[in-house]
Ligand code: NAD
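Only one chain is given next, in structure tokens, and it is the form predicted on its own.
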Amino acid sequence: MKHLPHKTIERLSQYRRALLICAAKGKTHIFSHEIAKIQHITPVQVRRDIMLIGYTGTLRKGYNIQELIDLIGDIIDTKEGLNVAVVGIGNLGRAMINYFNGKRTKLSIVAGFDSNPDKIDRIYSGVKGYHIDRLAEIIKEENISIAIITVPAGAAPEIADKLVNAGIKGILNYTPKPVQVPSHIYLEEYDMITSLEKVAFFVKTH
């Protein structure tokens, strides 16, 4: 499963989110075309992704929702769970902590970091804020392996370097400033401005 395409992993996460909502409504089975409609993709893509993970449904009932949720969990999640840190406790950082709280049992935001003294030693949705100078110490102490960067763009490269030196294994960069990391670190960069401009382009040309 390590060789699954990045986009497939992305879609599996989205499928699970949709399946959890369906399960909460009491639905037990679902067809590929129903998942496709929720995700705005083709049923062929859904079937291809689910075949890649070795699961098949039945012609009469489709996929068993709980079985598929469990299988996706086995593939994406780790048994012991992973700890996450948010670096930058501004509006975006606080929103990330607040939104993520309780959403996933196998991923936990356990620390926030900032350089502003007013944001230190405070609790944000159950997550403690620490000074950025304690980054390496807390990452080791709390066994944190993933970090989300939500600092002002100009500070992102320096923060990325600090995270790499502290032993972080994966980084989600939420700033518009690209960062450089060694090849053994998994890096995902998300630029909201670019995404919004993409939407604006398609609205303009619609």
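Numbering starts at 1 and follows the sequence shown. Please read these numbers as outputs of a predicted model, since none were measured by experiment.
Below: the form predicted together with ligand NAD, not depicted.
Undergrad: Using heavy atoms and a 4.5 Å limit, would one call residue 21 a contact residue for ligand NAD in the predicted bound form?
TA: Outside the cut-off, so no.
Undergrad: May I ask you to check whether residue 90 falls inside a 4.5 Å heavy atom distance of ligand NAD in the predicted bound form?
TA: The answer is yes: residue 90 has a heavy atom within 4.5 Å of ligand NAD.
Undergrad: Considering only heavy atoms, tell me if residue 115 and ligand NAD come within 4.5 Å of each other in the predicted bound form.
TA: Judged by the heavy-atom cut-off of 4.5 Å, residue 115 is in contact with ligand NAD in the predicted bound form.
Undergrad: Check whether residue 148 has any heavy atom within 4.5 Å of a heavy atom of ligand NAD in the predicted bound form, and answer yes or no.
TA: The answer is no: residue 148 has no heavy atom within 4.5 Å of ligand NAD.
Undergrad: Which of 136 to 144, 63 to 71, 151 to 159, 37 to 45 has heavy atoms within 4.5 Å of ligand NAD in the predicted bound form?
TA: Every other range fails; the passing one is 151 to 159.
Undergrad: If you check 110, 132, 120, 82 against ligand NAD in the predicted bound form, which one has a heavy atom within 4.5 Å?
TA: Looking at 110, 132, 120, 82 one by one, just 132 meets the 4.5 Å heavy-atom criterion.
Undergrad: For the stretch 168 to 196, which residues lie within 4.5 Å of ligand NAD in the predicted bound form by non-hydrogen atom distance?
TA: Residues within 4.5 Å: 174, 175, 176, 192.
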